[in-house]
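Given next, in structure tokens, is a single chain: the form predicted alone.
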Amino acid sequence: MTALRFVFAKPWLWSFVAAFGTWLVTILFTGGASTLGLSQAALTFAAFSIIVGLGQMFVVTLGPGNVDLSIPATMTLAGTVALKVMDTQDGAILLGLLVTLGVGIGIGIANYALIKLLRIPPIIATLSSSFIVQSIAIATNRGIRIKPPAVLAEFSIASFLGVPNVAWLALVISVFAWVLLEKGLFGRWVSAIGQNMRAARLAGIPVDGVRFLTYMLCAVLAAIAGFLLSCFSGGAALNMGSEYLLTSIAVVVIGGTAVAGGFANVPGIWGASLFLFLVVSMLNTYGASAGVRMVLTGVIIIAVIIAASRKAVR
């Protein structure tokens, strides 16, 4: 009963409970044959969702209406431009990383410029910029799939101590995000703005500056995820970020971050990302059709959100 009370007191733990349950069901169905492979695959593919989810988490924490819909386009442009600049040369990796960060910073600045200077709602501003960014990516790519440098390609698919390298990177970024959110002044400012922007402004918090940095941080994380994904998949594709639009929002909601703003949760992003991947894997294991998978995935996600939204047991 104590354990149950603890879970209800920490709603984000439901994402981990759901992820473990889904993993267990899949393992039992396969007789344990896919334990290692499924676990490594879950950590690998969840890593990309975690990185973009962390950026979206900060934006959503700013309060109602704040969301970044340019994440998929940012991932595509960053991966495309970085690979083109590196041109498969190992010696150009540092330049590729700098270009990736530059793309993220540039898109973050553009997004907030639309929001602040033109007074466009964030959802419209980031959606509009995504069309522009995607068009630039198309013009840059021109249908050519450039391979990543050999060192990056090998690193992105390799593991250390049995854990995929991309998962280790996601962990490092998550720790940074947690420290920024829980221990840093910036994180407290983001939460305060999400709880009451007017009160935050009256309290002397630089609201515009914090919002600007938050949107830029989200874009930079999306760019990093695009860079890693393009290296992992052997090249940048024009649709490689499309699935991360709804995923980045879903992991935030399932992970326990308040949609109304003012409260964020980093560990929950991990549980939600693992859960989403494992649900799809479980349904694939059972041989469910694409339509059935979509319906059941939606139902399961709704069930987890309802469970997580229940009040703590007294």
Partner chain sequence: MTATTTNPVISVNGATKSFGAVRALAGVDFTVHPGECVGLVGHNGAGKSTLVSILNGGLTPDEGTIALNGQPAVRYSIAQARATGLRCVFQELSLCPNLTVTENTRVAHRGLRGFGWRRRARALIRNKLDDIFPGHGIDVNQAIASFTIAERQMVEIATAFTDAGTGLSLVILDEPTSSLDAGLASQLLAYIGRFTAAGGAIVLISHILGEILSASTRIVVMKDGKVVADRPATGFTIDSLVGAMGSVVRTREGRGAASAATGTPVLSRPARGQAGRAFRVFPGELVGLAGLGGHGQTDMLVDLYMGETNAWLPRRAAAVAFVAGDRAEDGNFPLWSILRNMTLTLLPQLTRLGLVDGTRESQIATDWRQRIEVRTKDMSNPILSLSGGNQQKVLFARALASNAAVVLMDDPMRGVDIGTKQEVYAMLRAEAQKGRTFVWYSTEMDEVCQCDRVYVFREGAIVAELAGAGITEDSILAASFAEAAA
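Numbering follows the first chain given and starts at 1. Predicted model only: the values in this text are computed from it and were never measured.
The discussion below concerns the form predicted in complex with its partner chain, not included here.
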### Query
With the partner left out of view, is residue 95 within 4.5 angstroms of its partner chain in the predicted bound form by any non-hydrogen atom?
no
### Task
Answer for residue 158 alone: is it within 4.5 Å of its partner chain in the predicted bound form, judged on heavy atom distances?
no
### Query
With a 4.5 Å heavy atom cut-off, would you call residue 147 a contact of its partner chain in the predicted bound form?
no
#### Entry: 4.5 angstroms heavy atom contact with its partner chain in the predicted bound form for residue 84
no
### Query
Among the candidate residues 196, 140, 89, 242, which is the single one with a non-hydrogen atom no more than 4.5 Å from its partner chain in the predicted bound form?
196
### Task
Consider the chain as shown here, without its partner, and state which of 99, 200, 125, 110 has a heavy atom within 4.5 Å of its partner chain in the predicted bound form.
200
### Summary
With a 4.5 Å heavy atom cut-off to its partner chain in the predicted bound form, the contacting stretch among 275 to 283, 64 to 72, 256 to 264, 39 to 47 is 256 to 264
### Task
Counting only non-hydrogen atoms and a 4.5 Å cut-off, give the residues of 197 to 216 close to its partner chain in the predicted bound form.
198, 199, 200, 201, 202, 203, 204, 205, 206, 207, 208, 209, 212
